[in-house]
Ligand SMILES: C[S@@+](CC[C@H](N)C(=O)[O-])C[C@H]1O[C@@H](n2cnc3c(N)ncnc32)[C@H](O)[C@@H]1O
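There is one chain below, alone, in structure tokens, taken in the form predicted on its own.
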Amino acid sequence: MIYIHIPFCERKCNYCAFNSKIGGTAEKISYVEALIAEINLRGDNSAIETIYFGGGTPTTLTLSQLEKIICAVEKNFNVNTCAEITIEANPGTVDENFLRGLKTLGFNRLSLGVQSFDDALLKILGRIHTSRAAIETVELAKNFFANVSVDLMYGLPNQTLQNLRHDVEIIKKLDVEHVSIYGLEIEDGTKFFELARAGNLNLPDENLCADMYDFITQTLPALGYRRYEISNFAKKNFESRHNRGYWTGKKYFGFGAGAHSFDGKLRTSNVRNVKAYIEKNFSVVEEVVTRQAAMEEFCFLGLRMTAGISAKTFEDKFGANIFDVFGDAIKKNRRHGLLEVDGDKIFLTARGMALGNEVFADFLL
């Protein structure tokens, strides 16, 4: 698995706490050069099944720049001919020619940051696109990609349940292959954080947010999108292979400012500052993942998936019985109706999916 971080955006959204910024032409050129240098430095011809370009907005780079990055990956790694190669894009940053170019470069999965199909909400979020542009971009994308994913958000300022119903109705008409849903989180360092602190952000209350969550998690499966992870729904055979790799503990390389890597025992992260990264100060933090931490991660990452975790796999991996190690957490959450055990499988209930973070906290020893 390879993750490539492109930190540039045309505009910083009001809710975004990701490692992203507005970048000029010269800075993007220098960043791509540094990125290629890091790939050349760390490439080891490992077999690669998935590549994911995230950000930021990777499609703020030119097709030529993206091609140089892809070529560097193919030069330094053994990329499977059937690899899933995803790129994130925002409506307003791609047109027909750009989408055609992405397909020519080998991208076979497109993840579109739509967030909402309501123009008023898009303006509040600080997005650069309109609802019409989002719809047109999805329709164009389906001409070039057989695997298109759309992001939707709920719990937004001024958002109503009717807004969300409208969004899901459009998703139904667009007939995309994958949908990711995200509840708004107010994070430090964002414009929304400052507005909320000043009392100037009209957020829906907990009950309305719960109604929104229930509506979207019940309606998407009825439209043929199987829920396979807390925030992700897909048609059959269109689950994100890359994200599934994270949840099942696979090794991965992360390239770019702030990107993380994991080799099974050692976790490293790159410097977040883009200027420092361009100066080729790549990896700055290393963490040895202890056996205890690995057991915890096996549980709270694996439980994100609707399939849950396997007691046998845990024992094979760690030489311990999961009920001996996490028995109290399992009993407590079963008692509260958040967790279920069926033979070898341990998984969240529907209610547990809604309260996942509370469950996961109990698996920290």
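Please read all numbers here as calculations on a predicted model, not as lab measurements. In this text, residue numbers run from 1 along the sequence as written.
FYI, the form predicted in complex with the ligand isn't displayed, but the following is about it.
You can rule out all but one of 113-121, 229-237, 215-223, 196-204: in the predicted bound form, only 113-121 has residues with a heavy atom within 4.5 Å of the ligand. The listed set Leu184, Ala133, Val271, Cys209 contains one residue whose heavy atoms approach the ligand in the predicted bound form to within 4.5 Å, identified as Leu184.
Contact check at 4.5 Å (heavy atoms) against the ligand in the predicted bound form: none of Val179, Gly245 and Met305 pass. By the criterion of a heavy atom within 4.5 Å, Ala350 is excluded from the residues contacting the ligand in the predicted bound form. Heavy atoms of Met153 reach within 4.5 Å of the ligand in the predicted bound form, making it an interface residue. In the predicted bound form, the ligand lies within 4.5 Å of some heavy atom of Ala89. Looking at Val341, you'd find every heavy atom of it more than 4.5 angstroms from the ligand in the predicted bound form. Along 2-21, residues Tyr15, Cys16, Phe18 each place a heavy atom within 4.5 Å of the ligand in the predicted bound form.
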